[in-house]
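What follows is a single chain, given as structure tokens, in the form predicted alone.
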């Protein structure tokens, strides 16, 4: 009889968030596939779990998928964990789950902590609709283009970001999205947990007073208050988007989308430039 694959969520900081079911599952399976064996070993040692570990990360996931499938088809139960939080959520695992599902192998989630959901629950932004977007692009130009593409979203946006880029990212958010309400959730579940709330510019100003920003960061972006249509001309909008790093043509396309105008009509405004 074939085994199963368990997708096991683990704590993002506070070990007290480990569920009883997760501990029991990790003790009962034949092997645990994990991103970093050293990191997972610390967790297992804390809960006195001696199950063998095997590495599964972004560089070996494709090849490891077949091996895990063979183990499970031979009757072995396997657990998949990430370094912290729920596997597959901006972590490796999608390829292996897809492969196992295609082979008819049962995949069972063992739910628990996710930084994105934990931050959303306490942020104070609308929760009826939200979109998780993973990590921000590292380069400012790519980041600004992504933000512009998301500008018309009506839901709360959730991102992960590295601490050494958070100031630059908030600057991009303020310029491209018109300084929307944001929440920066830092070090969730840990001793120095912190929620910073305000407009993007206000939160940036708070962080600029610090020499160094540390810790795991989740950024949530709400919808800015709608500006009257007459407040910003199309020409001014294009100029603002160019200052935010877009090319003239990208800015024209974005302004046309935002105002519901044909691109050619907006382009004509700049034919003399």
Ligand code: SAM
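Given the structure is predicted, the values throughout are model-derived calculations rather than measurements. Residue numbers count along the first chain shown, from 1.
The discussion below concerns the form predicted in complex with S-adenosylmethionine (SAM), not included here.
Checking 153, 179, 91, 77 against S-adenosylmethionine (SAM) in the model of the complex, a heavy atom within 4.5 Å turns up for just one residue: 91. Exactly one listed residue, out of 202, 187, 99, 175, brings a non-hydrogen atom to within 4.5 Å of S-adenosylmethionine (SAM) in the model of the complex: 187. Only one listed stretch (167 to 175, 120 to 128, 82 to 90, 137 to 145) carries heavy atoms within 4.5 Å of S-adenosylmethionine (SAM) in the model of the complex, and that stretch is 82 to 90.
Contact check for residue 114: a non-hydrogen atom falls within 4.5 Å of S-adenosylmethionine (SAM) in the model of the complex. In the model of the complex, S-adenosylmethionine (SAM) sits beyond 4.5 Å of every heavy atom of residue 61.
Remark: residue 40 does not count among the residues lining S-adenosylmethionine (SAM) in the model of the complex, judged by a heavy atom distance of 4.5 Å or less.
S-adenosylmethionine (SAM) in the model of the complex is approached by residue 216, whose closest heavy atom lies within 4.5 angstroms of it. Residues are counted as partner-facing when one of their heavy atoms sits within 4.5 Å of S-adenosylmethionine (SAM) in the model of the complex; in 139 to 161 these are 160, 161, in sequence order.
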